[in-house]
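For reference, the chain that follows is the form predicted on its own, supplied as structure tokens.
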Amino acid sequence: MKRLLVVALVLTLGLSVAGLAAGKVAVVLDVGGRGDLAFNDMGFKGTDQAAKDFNLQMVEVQCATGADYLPNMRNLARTGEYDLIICVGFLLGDALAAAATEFPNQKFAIIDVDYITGPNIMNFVFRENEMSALVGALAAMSAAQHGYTTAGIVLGIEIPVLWHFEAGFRFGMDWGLKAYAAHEGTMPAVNLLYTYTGTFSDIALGKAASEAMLAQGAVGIYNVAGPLGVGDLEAVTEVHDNAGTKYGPPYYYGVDADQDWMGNGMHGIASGMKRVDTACYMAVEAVVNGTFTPGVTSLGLAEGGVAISKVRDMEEFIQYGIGAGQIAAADAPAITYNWVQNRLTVADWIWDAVALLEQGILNNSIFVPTASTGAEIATVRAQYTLGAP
């Protein structure tokens, strides 16, 4: 019988920290669990680091299916042993609503949910539109530089969180094409290709979606479907293998974590980073410090909650990958070298333009639209059509 819970304990010994004697925290991961190189791994990373820093016990619980969400939360909460239970993902929202009501004395934190609140719930949401605008601008300008006609984005399930990504990417492409026209004197014709696969776990489906976009002249694929990105990268890699090329388009744009190291660093040029690890760490820290505050915390560029990957991120995630056994230490120099060579295929002025957009978002001189309802994303799609179907 398939077990409903996959539990890993990380035990640390020592004195109590900030009043938590033998404190204990748990993280409930969404379907797919550890090894997705993105969302779930980031949730584990932040909780695990906080447990180590604050001398706590940490329990990881992985959900095999959506039917496991509520039973897993109940099993943890009914013990009364946990100072905090962190639920990672929008799809866990309804289960959290039930569990938080059934166990009013249990503190919870949840990622990507703001529509369910309560006196024992700390909510963290992200302004994914901001970092996706940076990726979209990079993709559009890179496409124009290299003579490509489209840029692609492969998404998972059509839910509000992913609309944030799409809205930002559309705006970023529009901004990038205008910036390219201002620099080069002509407006390039670069269209958007996008598809919602309806899944976060079917790697073959992600690959097929990417292959279709690459066949239509996509300069690269932005992964907004977590584990599906493995399929996106496979499709990009096969184009290079068939052409006998190492660097340059088509590119792979990672998501959530810095995924630039994947594929030996040759094709991942930038990632739209969503620091789920930061939010999980903040939640644990708040409990440890006695500052747990119910309600919604929004994290964007200004708060370090989202970002486009940079050199320091590459260094951090290579070390994380080594520690997790996903990267051999001996391979790290080659990965970094390949990544640098790939980044050099994009003109310096384009990177400067992306930095200018980032600064404009930070100083509030540039507003990036977002969408949390069907009507709102329809409005964004109508305003930033970019030739998309």
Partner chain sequence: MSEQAGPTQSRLLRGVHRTVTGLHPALESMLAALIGLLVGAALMYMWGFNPWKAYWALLRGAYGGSYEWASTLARATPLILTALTFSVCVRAGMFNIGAEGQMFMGAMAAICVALFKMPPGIHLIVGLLFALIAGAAWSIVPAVLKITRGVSEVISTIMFNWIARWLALYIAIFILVDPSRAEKTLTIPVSARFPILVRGTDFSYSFFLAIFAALVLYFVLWHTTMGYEVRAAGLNPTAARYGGIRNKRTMIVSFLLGGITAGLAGATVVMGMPPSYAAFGGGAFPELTNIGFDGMAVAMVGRNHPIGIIVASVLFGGLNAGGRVMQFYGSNPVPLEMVRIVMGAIVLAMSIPELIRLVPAIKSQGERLIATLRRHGRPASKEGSA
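Here, rigid core means the biggest group of C-alpha atoms that superpose within 1.5 Å across both forms. The model shown is predicted, which means the values in this text are computed figures rather than measured ones. Numbering follows the first chain given and starts at 1.
Just so you know, the form predicted together with the partner chain exists too; it's not on screen, but the next bit is about it.
Picking from 139 to 147, 270 to 278, 73 to 81, 290 to 298 the stretch near the partner chain in the predicted bound form, with a 4.5 Å limit on heavy atoms, gives 73 to 81. Residue in contact with the partner chain in the predicted bound form (any heavy atom within 4.5 Å), chosen from Val59, Leu357, Ile335, Ala50: Val59. For the options Ala182, Val311, Ala302, Ile157, the one in contact with the partner chain in the predicted bound form, meaning a heavy atom within 4.5 Å, is Ile157. Taking the partner from the other structure, the partner chain in the predicted bound form has no heavy atom within 4.5 Å of any heavy atom of Met122. Among heavy atoms of Ala98, some come within 4.5 Å of the partner chain in the predicted bound form. Looking at Met282, you'd find every heavy atom of it more than 4.5 angstroms from the partner chain in the predicted bound form. Among heavy atoms of Gln341, none comes within 4.5 Å of the partner chain in the predicted bound form. Of all the residues from 86 to 112, those having a non-hydrogen atom no more than 4.5 Å from the partner chain in the predicted bound form are Phe90, Leu91, Asp94, Ala95, Ala98, Glu102.
Core-superposed comparison between the shown form and the other one: CA of Ile116 displaced by 2 Å or more.
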